[in-house]
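Presented as structure tokens, the chain that follows is alone, the form predicted alone.
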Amino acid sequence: MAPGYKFFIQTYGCQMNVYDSAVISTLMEQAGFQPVKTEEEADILIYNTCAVREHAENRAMGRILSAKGRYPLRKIVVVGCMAERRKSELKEKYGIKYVFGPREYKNIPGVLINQEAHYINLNYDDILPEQEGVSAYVSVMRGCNRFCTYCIVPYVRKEEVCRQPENIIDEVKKLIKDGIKEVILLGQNVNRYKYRDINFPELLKWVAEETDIKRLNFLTSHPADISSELFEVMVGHNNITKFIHLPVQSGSDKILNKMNRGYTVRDYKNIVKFARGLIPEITITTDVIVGFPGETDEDFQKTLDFIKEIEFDYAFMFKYSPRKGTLSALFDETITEREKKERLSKLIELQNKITYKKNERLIGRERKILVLGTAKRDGVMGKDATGKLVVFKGDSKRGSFVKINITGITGWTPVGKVVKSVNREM
């Protein structure tokens, strides 16, 4: 297949996959292929897949097999975590010829042009992917060495590899020139970033001080690796969003130990206490898994009590699903699907009330908002300096800053009206 053919990318899963799709798109364009926005226009269909949960795999597999049936003459390319996990099955059972794991993306254009694959175990330091919009992602590291018992990521994304800080700075500066206002530094566990003598707080400080980025954020943090230095850097720089996503997963020490998370409930509470003591306005979000093997009613109640005490601003909540190849997949399932659903429903109901209550406290306050674009239903969507999303009426320009007065809550989303435009962030 010669360059000039058109390709389409469909992305599933996490922010890293979104960034990886930008990397793949850049590699394809550099090789002479042309991006298009729909499957119908494309000669090559690329599906960037996720393997974290069974539901994500099923969605991607359904779309891939449907495309294979609808477009029998087009090249189907499967990439990402599911591609790594189910490579043999995709090729042998489903007849997908082009399958690439997360460290093989540089092979894609060459293989499509009938060249041999020759890149293995690589990083992407020399690729500065094209990104559009107000916000953009920048990968600072890849892989994970933590091996939580339920998680497939260390097996499909392999060991941790950290980027050179100078390369990260170059990418952020390029994005700023392209009009990006917010950069989100990415890693499976950014707190494990270490390049020579530079750790993640030092990297964060360097990016905040050595670039003109208006808003700087990062994902994701692991409680076992976080340091007080991180929060000290956050409080000392106005352009760093006062937000942290800190997955707790369970409020039971017994379950945390079975998950191999490396911290206790008390450890986590101490992190939150320190963070809120230093940055009272900080937004803290989390992930929670219910129905992990061995989770009793008492363990689940501990999680509910923990959520009540911490009062997260928001939580991503899931029922446990075993991932073949992980240690927990060998554990005996002790909770039925019905029990998992009931526990998840209780947890969601509790967290929704907390989210509403916390956002309700914003009513009457003014917030400086970075305008992201049109809201899903009506109005304009923006993000404040603590990472909270706000919807308001008006025709404010995407990428601009406005001052909003919060007038109410819709669902649990703060809504408001424009007080005035802000020409500069700080």
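Note that the coordinates shown come from a computational prediction; the quantities given were computed from them, not determined experimentally. One-based numbering along the sequence shown.
There is another form of the same protein, the form predicted in complex with a small molecule; it is not shown, and what comes next is about it.
Among residues of the shown chain, residue 98 is not one whose heavy atoms approach the small molecule to within 4.5 Å in the predicted complex. Residue contact with the small molecule in the predicted complex: residue 321 places a heavy atom within 4.5 Å of it. The small molecule is not shown here, and in the predicted complex it never comes within 4.5 Å of any heavy atom of residue 312.
Using a 4.5 Å cutoff between non-hydrogen atoms, residue 271 does not count as a contact of the small molecule in the predicted complex.
Checked against the small molecule in the predicted complex, the residues 112, 226, 204, 289 give one hit for a heavy atom within 4.5 Å, which is 289. Contact with the small molecule in the predicted complex, defined as a heavy atom within 4.5 Å, holds for exactly one of 398, 63, 53, 367, namely 53. None of 174-182, 204-212, 80-88, 149-157 except one has non-hydrogen atoms within 4.5 angstroms of the small molecule in the predicted complex; the exception is 149-157.
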